[in-house]
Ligand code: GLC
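Take a look at this single chain in structure tokens; it is the form predicted on its own.
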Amino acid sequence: MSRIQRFSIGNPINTEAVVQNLPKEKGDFGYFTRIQDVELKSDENSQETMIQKDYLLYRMDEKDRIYGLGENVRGINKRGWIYESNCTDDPYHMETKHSLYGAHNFFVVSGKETFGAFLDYPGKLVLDMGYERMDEIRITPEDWNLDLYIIEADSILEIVKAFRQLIGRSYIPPKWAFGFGQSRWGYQNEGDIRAVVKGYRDNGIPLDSVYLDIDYMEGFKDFTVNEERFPDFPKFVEEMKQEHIHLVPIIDAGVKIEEGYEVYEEGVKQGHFCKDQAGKEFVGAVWPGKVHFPDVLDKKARKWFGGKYKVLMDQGIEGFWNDMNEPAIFYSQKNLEKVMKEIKSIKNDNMDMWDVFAFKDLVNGLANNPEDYKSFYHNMDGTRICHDKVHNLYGFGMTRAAGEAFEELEPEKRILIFSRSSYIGMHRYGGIWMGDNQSWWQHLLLNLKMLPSLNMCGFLYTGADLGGFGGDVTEDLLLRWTALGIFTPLMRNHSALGTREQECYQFTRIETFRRLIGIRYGLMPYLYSEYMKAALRDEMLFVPLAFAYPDDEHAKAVEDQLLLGESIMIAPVYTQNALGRYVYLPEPMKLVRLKSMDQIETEVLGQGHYYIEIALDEVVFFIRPEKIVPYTQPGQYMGDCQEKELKLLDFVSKTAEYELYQDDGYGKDYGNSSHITKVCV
């Protein structure tokens, strides 16, 4: 049994993150104490400064662990660092950073006391998880208007399940969206995309989708298509469908300011854009230059913006990805004018170190400036609210706009949608990708570590840009990353303009890529079944060993292996030049070694520590005792695998059964009992 308590402080903004209406508790704050105090600090000249302290405090034991916080840097155990919930456009995901693109304020403390905590607060929130003092959690919001939910249950997994039920069912994409996708900022026209599809098809590498970055638009304007590059877009979309390829265009948050552009003119006329303090449309800038931002926190504006996706859906599009929706701001008109004025006032052509640093800060401070986020306003249910108070809801609102529109436009059909920025609650409307990562080995490992913490927060449809978005990938890094990507729901190779071309057929080991991606398609009966069951039952898809083996101290220490669904444990290689890796088995397991779905070797290993050799052309995973993994032969696209013979891998001593989930992959009758069949060994 689980118990959830809600403690309200001040006047919380209704974020609509939760779907259950719980009564407010009276009294204290559960496991937390609010500390309000004054601290005196002295500098080197004995000058005293008075510091006001106001935060929620929880004191930890030495062995307490902290799990969760969704999309974030560092380990699965989040103890020892300071995090900020403050959706931020920053591609350099180093462990020194404090925030990324999402704001996911849910975590579980496991130790002397085990409980979950969710702070439903859409502004900037500082979560000190043992940074200032190693034995203290200190949580500081910018103002004291929030809901704190405390969740208690008998295990971490039960706490997570209770939280997932509190926030609602996770998004379910169409089945084709589990296929392999290729993306690049720089596919300029029909010819570029045809060449990509040909490169995959000619080399026999499975492919289901090609993503369109900002290049497809006319002047970077949302819901437009460049007619010179795509002279008959609906015909081209249909041509790709005949090749069993789905085109997935990007949609950005900023709407270009341009006379004659229908979306801009309509938005201004109907009052659907965010306003500045004077009540005029706020002017920021992104790819097209100066833009307005749709007020996606306003119901009417959200419905209006969501309805615009129909423009591309009417041309045959069945999937989208939302970007730049923290929202990213290259500069604001107000701040640009201020900076240009200061630059023009500089007369010194012999700047010293401090002058140079100040000059750099002046220019670098243009993008995503905190003052800009305090300069525009939303209309939420008739109340005018400054953006910085609800900053973390913008990506949620934009993707919700799309999701609500899809429900109206295609009520019986699944449409693919995922986003860069998010808040808890957005998981009901779409998935996320893990942002603009780099071609770094450490980001391969970060990809792995983010999976369970995102699952805890409801985000099941997720994955990282395989090979890294920024920088030049090496062939071995892409091979190792692809071997992990086999298991992530979103499997997409994506790279930035100006980087090395990293389509799989661009490298020497084409046969290896063909077999690796073929393994993804071969394992789809298991991968799809486990995703659907996790979504429909409010469970995690990726689980840390610590959650499943709570009494095993060795398992608690493992952060580079994950359980995937009920049967599999994965342990990818994430180090350059490694010939294999060390693995801990908390119980006897069957090692499965695949070079392809036709080349499978197995070996039973007892509980303990092992060094496992894993070549670049192999995928290794482990089957848990009395468990089954259904698989099939791969096809060139998802529909090509549907009717192939089902086979079973297992580690069963006597008899066992597996619940196989199968549906058409397009409809929404998820609860139909006919979708579940029992397969037995």
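For every residue, the number given is its place in the sequence shown, counted from 1. What you see is a predicted model, and the numbers here were worked out from it, not measured in a lab.
Form predicted together with the named molecule: not shown, discussed below.
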| query | finding |
| --- | --- |
| Every residue of 214, 250 and 469 near the named molecule in the model of the complex, heavy atom within 4.5 Å | yes |
| Partner contact for residue 427 in the model of the complex: the named molecule, 4.5 angstroms, heavy atom | no |
| Partner proximity in the model of the complex: residue 436 to the named molecule, non-hydrogen atom cutoff 4.5 Å | yes |
| Partner proximity in the model of the complex: residue 494 to the named molecule, non-hydrogen atom cutoff 4.5 Å | yes |
| Interface membership of residue 321, the named molecule in the model of the complex, 4.5 Å heavy atom rule | yes |
| Residue among 185, 440, 81, 233 with a heavy atom within 4.5 Å of the named molecule in the model of the complex | 185 |
| Of 507, 115, 287, 176, the one that lies within 4.5 Å of the named molecule in the model of the complex (heavy atoms) | 287 |
| Per-stretch contact check against the named molecule in the model of the complex, the hit in 365-373, 332-340, 526-534, 428-436 (non-hydrogen atom, 4.5 angstroms) | 428-436 |
